[in-house]
Structure formats: C-alpha cells, structure tokens
Ligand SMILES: NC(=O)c1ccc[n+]([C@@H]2O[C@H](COP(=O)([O-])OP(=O)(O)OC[C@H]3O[C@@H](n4cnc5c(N)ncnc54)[C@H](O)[C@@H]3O)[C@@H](O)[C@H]2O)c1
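Okay, here we've got a single chain as structure tokens, the form predicted on its own, with questions on binding and movement later.
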Amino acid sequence: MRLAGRSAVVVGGGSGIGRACALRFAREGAGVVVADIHEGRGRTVVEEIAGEGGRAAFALMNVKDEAQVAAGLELAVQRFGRLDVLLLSMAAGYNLSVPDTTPEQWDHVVDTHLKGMYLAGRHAVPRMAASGGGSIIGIASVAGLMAVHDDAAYCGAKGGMIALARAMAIDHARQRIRVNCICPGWIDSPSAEAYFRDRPDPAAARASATRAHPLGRLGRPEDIANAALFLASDEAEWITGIALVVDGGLTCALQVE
C-alpha cells in the first residue's frame, strides 16, 4: 500500500490513462478525487473504486475553468484531509499542421494541456505545501519530445507541459513538491481508437502504430499507471523535473515505411 493515508486528484480520471491511474492509486491506499469533464464517466470510476473497497469522490472539472479546478482540489482536502498527488491526464488534438489549424483550435489544445497544468499547479502547490509536500505528474507524450506529422498544436502543448514541469520542479523543490512528466507512446485507449477510426484504413493505421514499437504492441493504460504510481510514491522521492518515457521503445528506433 504505497499510497496509504494519502490523497490524490486524477484529472481526466474518467477514461483511458486517467482511469487506470485512479484505480491504481486507490488500490494502493489513496483517497482519490476522480476529476473529469464527463460526469457519467467520472462517477462510473468512483463506483468502481468503491466497489473494490476504496475511497473516492467525483469532481466535475474542465481544466480551462479555474473555479472548477480549485473546487476539485479543495474537495480532496475536505474529503481526505490533505492533497499529496495530482495527476494530469488531458487529451485534445486535431491532427493538423500549423497553417491548417485555426486560432480557436490552437487555443483549445494549448489551453487544455498547458493552461490546464498551470491552473492545476497554481491551486495544488499551496495545498500540497500545507500537507508537507507532494507529487505532481503530467501525462505529456513522446510528441512533446519528437515531431509527429500534422500534429502541431498537440506537439507544442505537450512539449510545453514538459518545460513547465521542469520550471515548477525547481520553483517548489524546497517545499518538497516534486513535478515530473510521463511521455507515453501509443496507448490503446479511447483517444487512440478515435484517431484510428478517422484514418482511411483504420486497421492499417493500428497495425502501423503497433509496428513502430519495438516491444511489439501498443501500450496499455496500466503501463502508464505503473509509472505514475512510482512517481507518486516515496520510492521516487529524489526524482523531480524529468520526462519519463514509457513507449515500448518507440523513441529508440527509426521506423521508415
């Protein structure tokens, strides 16, 4: 029980990576606030956690809405007495180059990821400091470290999350607040499935993405939850400001088709 007695807020906890992290944190003893823009999905995860004997609450949260962000983080303090872990798993993208991306699309992607991390950090840091420290984990992407064709806003936003994590790690180290990012490769999740569906040949797109990973499969949300648990736990107490790549070898290999 590596998170026994602690409290976590998982933003985007209603599906995919966020859901896997919320379930894993709860199984390791944390009280978990499942924060999501989709109420039905979020409450379903809360019920899953409760059904396993865990502690959880739901917070409706659009990360671009500062009042909702602050309320969700405060809920963790009110329900569980403290805030120790904040995990940010947001997803927004359009698969477009810069000239093809409208200013409205750009703002949506960048605000969801980068401004969302800023707003969450703005309200998490004082609460974590009051609890003696904590761990903030942003789910970035390998797209924040390397170029992805026709995904300009997403690459920029995820790269921004990594840079912001490093800045926050330096600023808040003396408060015993660690800030890191995880950079997944392709994860078999609802957002990936939606991407494959939009390709001319969905099966071929999935097969191509799978081949790009030397370990021979797409990632699972649980693969990222395992890494997140490590960064949230005391086992990572001397780790801050990193971008932890969890990608099945994707960024190690040059794949040309």
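Since this is a predicted model, take the numbers as computed values, not measurements. Sequential numbering from 1, following the sequence displayed.
Absent from the display: the form predicted together with the named molecule. The rest refers to it.
- Checking 70-78, 172-180, 140-148, 122-130 against the named molecule in the predicted bound form, the stretch whose residues place heavy atoms within 4.5 Å of it is 140-148.
- Looking at R41, you'd find a heavy atom of it within 4.5 angstroms of the named molecule in the predicted bound form.
- Although the partner is absent from this view, I162 stays clear of the named molecule in the predicted bound form, with no non-hydrogen atom inside 4.5 angstroms.
- Although the partner is absent here, A26 lies well away from the named molecule in the predicted bound form, with no heavy atom inside 4.5 Å.
- By the criterion of a heavy atom within 4.5 Å, I37 is counted among the residues contacting the named molecule in the predicted bound form.
- Of all the residues from 171-192, those having a non-hydrogen atom no more than 4.5 Å from the named molecule in the predicted bound form are P184, G185, W186, I187, S189, P190, S191, A192.
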